[in-house]
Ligand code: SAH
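The chain below stands alone and is given as structure tokens, in the form predicted on its own.
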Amino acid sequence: MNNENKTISDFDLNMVCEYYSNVERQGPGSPEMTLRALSFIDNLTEKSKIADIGCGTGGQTMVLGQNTPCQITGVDFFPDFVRLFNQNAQSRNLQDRVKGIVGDMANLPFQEEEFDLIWSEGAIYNIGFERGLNEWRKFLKPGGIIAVTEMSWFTEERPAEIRKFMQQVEPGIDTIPVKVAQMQRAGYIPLATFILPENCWTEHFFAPQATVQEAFLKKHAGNRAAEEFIAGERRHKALYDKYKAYHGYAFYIGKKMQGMTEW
């Protein structure tokens, strides 16, 4: 495999976890966009339950905890992320309502119709957008809400370089209308869709990584895998800067349809 085309999944997971443990967010987003998505969701009370799937260290989850009265469970595959998640909840005095657990989004330890809201920022691609929407639906109460971000094409045509790169790192990428149709087929009524602004990438995702990358390379000096990993992260940024008019993350918010039958 060409080093240029390596994806995160080609690297040691411990290395990936170590790197992303040092930044507040493990994917593009911002507190403002989390709150904007939350503004489309009504009737959350102290009895409401939220699951944040692929929560990372909880950058977005803490925003949910500070702006809702709900019980929130964050789930992530990496134990170190969950440890930091729970530390972040403690530091914000949210530990009584916000808890992180280690789990696999493909095999979640929840009961059917347990949650009022399922959240996932920058993570559903790990299982696939359609698969996640379909498999997670059973964990929502009737009329429950799902809110996820997903890499999406903004245009019908796009340059070959970014098309090939995205086919490698985000094979499920498609246009926003296609993603909305996928949500409908999975049994949800689309409530809102909006594109995350550029600063969710530049200010909140890429910028904090600059100093982390230097420290990471210094710590792992001479480690070819570490050098290739950082080179891949830097290429991702360069391609985003070059082709941001064609692609980015969008929020998709849908309501579980009640009484849906098979057609």
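Note that residue numbering begins at 1 and tracks the sequence as displayed. Since the structure is predicted, the reported quantities are computational estimates derived from the model, not experimental observations.
Separately, the form predicted in complex with this ligand exists; it is not shown, and the next lines address it.
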In the predicted bound form, does every one of 40, 68 and 117 come within 4.5 Å of this ligand, counting any heavy atom?
no
Residue 55: heavy atom within 4.5 Å of this ligand in the predicted bound form?
yes
In the predicted bound form, is there a heavy atom of this ligand that lies within 4.5 Å of any heavy atom of residue 104, even though the partner is absent here?
yes
Give a yes or no for residue 232: in the predicted bound form, does one of its heavy atoms lie within 4.5 Å of a heavy atom belonging to this ligand?
no
Does any part of residue 123 reach within 4.5 Å of this ligand in the predicted bound form? Heavy atoms only, please.
yes
Just one of 42-50, 210-218, 224-232, 25-33 has residues with a heavy atom within 4.5 Å of this ligand in the predicted bound form, so point it out.
25-33
Can you work out which of 153, 139, 81, 188 has a heavy atom no more than 4.5 Å from this ligand in the predicted bound form?
81
